[in-house]
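Here you get one chain, nothing else, as structure tokens; it is the form predicted alone.
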Amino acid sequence: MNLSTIVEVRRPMSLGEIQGWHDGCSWLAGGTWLFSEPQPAVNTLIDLDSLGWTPLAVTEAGLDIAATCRVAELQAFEGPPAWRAVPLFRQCIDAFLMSFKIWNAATIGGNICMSLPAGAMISLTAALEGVCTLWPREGAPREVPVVDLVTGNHANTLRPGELLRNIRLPASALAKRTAMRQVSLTKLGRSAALIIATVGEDGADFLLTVSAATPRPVQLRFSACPSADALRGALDERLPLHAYFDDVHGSAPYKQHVTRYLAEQIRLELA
């Protein structure tokens, strides 16, 4: 879609060149949502591609994913053999509803910043204990876990003009075993529930992440793989019926039911 309100497109080569932020400015990465509908409040686009950030960087600490990393780039990532969680990347990417054009343009940061309940990159990075580095317009950078960045349906803790620079996935989380389940009301519909669990090689540190069924990702951590009763009790305590996201993609009772069901499948797989 043509954005008829745009009067300026900036292509900064460094952060220092980004000056004069105002209410009509918008960051541009993949642009797959930005150009999908009118943006009457936006008159200036700041293209992040010109900053030339490395999409994926492997370090001893883990994996740094630039906010501008394309979905296709993450899908092609192989990773060190010790990172047993890497196949989860492709599983979550397959939960997307997108054409090949979106696949090659949409960015990981854009999906997170949209902060939709069914954001598959939110599910992935939250489950792998991702931490976002945020650059405010003024002041020092700050770090916020993905699970805390997203606060609700299309809501997050980003401040006006603040930029998501990258998401860091720790090596400790990438080395864990994983299991994922996803369900939709229709064959090609938006996720009604996307549940992921990770566990250490010795069966310790079981982390269950519930997303899509809830307005924001919700995590339950156990020192070891829980029993069926312990997992069900923790889910019901943390997620009463009113905590589920009731929309056209599934009622709250339906999402509560499938969350319980899929969580138990995952528990059995990882036990």
Ligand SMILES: Cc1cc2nc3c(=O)[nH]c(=O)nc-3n(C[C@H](O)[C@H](O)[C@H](O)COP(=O)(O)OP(=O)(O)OC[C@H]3O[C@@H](n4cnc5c(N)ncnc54)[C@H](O)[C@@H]3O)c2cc1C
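Numbers follow the displayed sequence, beginning with 1. This is a predicted model, so every value here is computed, not measured.
The next section is about a form of this same protein that is not shown, the form predicted together with the named molecule.
Listed residues Ala192, Cys132, Cys113, Leu88 were compared with the named molecule in the model of the complex; Cys113 is the one with a heavy atom within 4.5 Å. Distance criterion of 4.5 Å from any heavy atom to the named molecule in the model of the complex singles out Ile102 from the list Ala171, Val183, Ile102, Val147. Contact with the named molecule, judged by heavy atoms within 4.5 Å in the model of the complex, is confined among 138-146, 192-200, 162-170, 124-132 to 162-170. Within 4.5 Å of any heavy atom of the named molecule in the model of the complex lies no heavy atom of Tyr244.
Using a 4.5 Å cutoff between non-hydrogen atoms, Leu97 counts as a contact of the named molecule in the model of the complex. The named molecule in the model of the complex comes within 4.5 Å of a heavy atom belonging to Leu48.
When contacts are judged by a 4.5 Å heavy atom cut-off, Pro215 does not count as touching the named molecule in the model of the complex.
In the model of the complex, Ser26, Trp27, Leu28, Ala29, Gly30, Gly31, Thr32, Trp33, Leu34, Ser36, Leu48 are the residues of 26-62 with at least one heavy atom within 4.5 Å of the named molecule, listed from first to last.
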